[in-house]
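Below, in structure tokens: the form predicted on its own, a single chain.
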Amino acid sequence: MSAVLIALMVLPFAAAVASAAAPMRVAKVLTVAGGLSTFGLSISLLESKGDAAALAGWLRVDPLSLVFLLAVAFLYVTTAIFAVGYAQPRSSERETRHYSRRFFAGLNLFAWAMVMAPVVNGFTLLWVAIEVTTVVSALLVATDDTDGAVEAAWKYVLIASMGLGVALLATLVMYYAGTASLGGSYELFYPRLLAAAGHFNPEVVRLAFGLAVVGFGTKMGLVPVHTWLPDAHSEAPTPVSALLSGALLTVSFYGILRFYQVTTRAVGPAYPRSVLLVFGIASLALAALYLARQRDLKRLLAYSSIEHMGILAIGMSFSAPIAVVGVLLQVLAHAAAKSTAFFGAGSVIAKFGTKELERVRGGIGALPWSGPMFLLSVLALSAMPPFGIFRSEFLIVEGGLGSSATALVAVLLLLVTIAFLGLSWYASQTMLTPLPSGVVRGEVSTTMALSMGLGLAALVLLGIHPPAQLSELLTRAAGELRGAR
């Protein structure tokens, strides 16, 4: 399996380099090929049960990292397919070539950095990978060169860079925590840290974890360090919005979980769970309220992402194993649901020429395939059965009740219900109303609709009967997360 890890490191990067020098038509093929190969390689790692290493341990996959790798790889391929229909020639050949180089090279490089984050072994390389995602995705947010896009990109760079500065400090503090037992010079490889964590200074580890939650939580979109997210997701090209929301946020959550593993073994689970609970409740509460008063379609979905990040944090605060399995399943389901919803939003915006919710009416009548699938994706985000988010949140709630956290479960259900009402109201107003006169019925692009179909199929699979290998992987990954001293 070491060859698979090396291929994962090489192929998306090669697709990015090749796309920078290729015509748009060829760049589309290269991007789809990069996505398909990355997803196929990630699926093949299930045979190893999430246990593979390469390059003397610098690359490593375990059950936890494989869960996040699968989420990123699936989004890579579906976003690549969507981008085939989304990216269109510009007014001149020169402008088309310039746009294609920026867009497709950046898209592949962004996906490569997010693939590398769960594949690299150690806090330092993880931080570098997430830092690369910031630089590349900020350029992608500004691709359309509008005033709003440039402003959102600058805001994103400033806030995310400050957050990652705090995350780098967390990495240095965790390194210092290990010097007492591992010496003054050692590699921050996860297995070594986990094996020695019981001998770390508890107060130093607590500080490192708090800094990590603030630092990586900035990229994850946790309140109150979330303020870049609605603007960036709203102004970015739709494929970039899908990757930001479906993949980047959860990759940042992966960074927090790696610190969580060490912290639970050093100081026990009570402290990290309490920290995550505070940030989770704040994020879910703010998102639920903002979902009730949105005017922009993509900002609506952006606040839905903050809602789901809050649910992930709350789920990790419950002690029951089934809740942690639900959290990891939510990572996969959120990736499929949020990307599908953004793809649908992209089709709606291309059809109606606006992101303003008040000006979008008759979506199902205008888009015979994308319209119904967009409505289904919103229902999936709202945790309606039979989709994967319903299953994952059911497991989280079951775990909360099993942990005697009845009051917290009640708060969770109340806020999720408020969010559901906001999402469903806007979805019904835009999709189920009569088709206005002058709007021609028909799809914007077949490939854009195809990418939505793939996402919905994955959501139904995760909701009804996840494959046995995947269920085993989630259980093993949850066991790794729950390890304590």
Partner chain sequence: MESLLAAVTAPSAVTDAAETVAILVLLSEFAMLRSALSRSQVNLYAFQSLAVAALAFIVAAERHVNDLFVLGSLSLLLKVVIVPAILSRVLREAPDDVAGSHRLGVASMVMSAIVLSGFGIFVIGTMPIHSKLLPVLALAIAAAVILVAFLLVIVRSDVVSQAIGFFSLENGVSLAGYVLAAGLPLIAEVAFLFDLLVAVVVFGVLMRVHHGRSASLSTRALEKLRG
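Keep in mind that what you see is a predicted model, and the values were worked out from it rather than measured. Residue numbers count along the first chain shown, from 1.
Here the subject shifts to the form predicted together with its partner chain, a form of this protein not shown in this document.
Among the residues Tyr175, Phe390, Tyr260, Tyr99, the one placing a heavy atom within 4.5 Å of its partner chain in the predicted complex is Tyr175. The listed set Arg273, Lys351, Arg299, Arg265 contains one residue whose heavy atoms approach its partner chain in the predicted complex to within 4.5 Å, identified as Arg299.
With the partner omitted here, the stretch from 144-152, 309-317, 243-251, 395-403 that lies within 4.5 Å of its partner chain by heavy atoms in the predicted complex is 144-152. Among residues of the shown chain, Tyr303 is one whose heavy atoms approach its partner chain to within 4.5 Å in the predicted complex. Remark: Leu415 does not count among the residues lining its partner chain in the predicted complex, judged by a heavy atom distance of 4.5 Å or less. At the 4.5 Å threshold, heavy atoms of Ala87 stay clear of its partner chain in the predicted complex, well away from it.
Although the partner is absent here, Tyr186 sits close enough that one of its heavy atoms falls within 4.5 Å of its partner chain in the predicted complex. Looking at its partner chain in the predicted complex, residues Leu41, Asp51 and Leu194 place no heavy atom within 4.5 Å of it. Looking at 344-380, no residue comes within 4.5 Å of its partner chain in the predicted complex, counting any heavy atom.
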